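A lone chain, given as structure tokens: the form predicted on its own.
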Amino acid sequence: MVLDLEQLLDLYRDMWLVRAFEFGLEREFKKGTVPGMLHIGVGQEATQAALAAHLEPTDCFFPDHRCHGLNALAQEKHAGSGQRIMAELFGRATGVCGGKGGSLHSADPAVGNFGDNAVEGSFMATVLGVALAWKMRRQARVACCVIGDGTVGRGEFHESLNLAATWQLPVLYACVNNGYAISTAVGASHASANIVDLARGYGLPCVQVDGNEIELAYAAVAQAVGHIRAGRGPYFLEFKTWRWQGIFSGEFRPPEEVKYWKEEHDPLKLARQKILATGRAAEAAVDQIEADTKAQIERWIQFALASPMPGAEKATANVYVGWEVASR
């Protein structure tokens, strides 16, 4: 699939929104203005932009820990309120969950975001219930779950793929293989460093794609979503990419590996080169996209900082369905 210039520019803008969001969030986290834990997905912008381009608000996605960008893109594209994801991460009352969800539990089903879980892999079981409901209702919808290579080692991975394939459920497994589960290289913890090798045994289509090349990622998601909407069952996509940050402070990875991915396979740099190679986009216009998205994210951060903290009474709200818990 060859994208036209406008499509490339739109995707480039989305990718910069993801990166600027993550960099801004990380900066504020280091200041202490963002509570809780934070897992950054810098380096994985192409995968998130490709998924956001094809998932409709009537679909659903279960994001993993590094999907702040996907959450923001869904909120911005479908509700025009990406700043509410930022406010949520700051724990503010204007957030999509009133500040209660934070980084790991932000959710808004109105835009298709069914929420992450602090237990990685658990939503691989949850997604089956949504997908089964849509199949029973004969709805041409996609239930997507975003997982990492580390999640593959959990039992839910195999249980979910087996049931989705057996029942032919409309599930898109988007596996972002960024090379490491915490600090363990994928090849050191799995029989194959290519996750598609493990998924193929369940009899569903399995495709591996360069997750840093936006055109390839976009085309792969388009094919997968088309397959699922046509009622042909689940689909497994593996995006081979790399995350720039480690889990902990400091760098534990070999310097030549860091250089290879950051300097030669930066998704934003590759997309920029592709746009300029068309000869139909001025370098200044491409630079303006970067500047505009950075400014947009700064406005979102200011919105979050200016938003009120939730009242104490909200701590016990929405804990159980149908009744409230009295606070002490």
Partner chain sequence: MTAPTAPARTRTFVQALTEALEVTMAEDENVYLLGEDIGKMGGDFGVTRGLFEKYGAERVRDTPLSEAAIIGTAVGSAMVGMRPVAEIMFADFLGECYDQLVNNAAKLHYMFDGQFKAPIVVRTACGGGFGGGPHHSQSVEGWFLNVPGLVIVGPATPADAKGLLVASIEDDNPVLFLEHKALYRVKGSVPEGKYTVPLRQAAVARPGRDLTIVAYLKMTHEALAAAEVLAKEGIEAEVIDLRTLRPWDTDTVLGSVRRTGRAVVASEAPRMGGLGADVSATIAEECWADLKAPVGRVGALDTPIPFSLVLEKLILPGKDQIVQAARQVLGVRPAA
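The structure presented is a predicted model; accordingly, all values stated were derived computationally and were not measured. Positions refer to the first chain, counted from 1.
This next part talks about the form predicted in complex with the partner chain, which is not shown.
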item	value
Heavy atom of Phe62 within 4.5 Å of the partner chain in the predicted complex	yes
Interface membership of Pro109, the partner chain in the predicted complex, 4.5 Å heavy atom rule	yes
4.5 Å heavy atom contact, Asn194 to the partner chain in the predicted complex	no
In the predicted complex, Thr126 touching the partner chain (heavy atom, 4.5 Å)	yes
Non-hydrogen atom within 4.5 Å of the partner chain in the predicted complex for each of Asn113, Asn318 and Val321	yes
In the predicted complex, the residue from Gly101, Gly233, Pro205, Gly150 that sits within 4.5 Å of the partner chain by heavy atoms	Gly101
Sole residue of Gln223, Asn117, Ser81, Thr94 within 4.5 Å of the partner chain in the predicted complex, by heavy atom	Asn117
Contact segment among 237 to 245, 183 to 191, 224 to 232, 155 to 163, judged by heavy atoms lying within 4.5 Å of the partner chain in the predicted complex	155 to 163
Neighbours of the partner chain in the predicted complex among 64 to 93 [non-hydrogen atom within 4.5 angstroms]	none
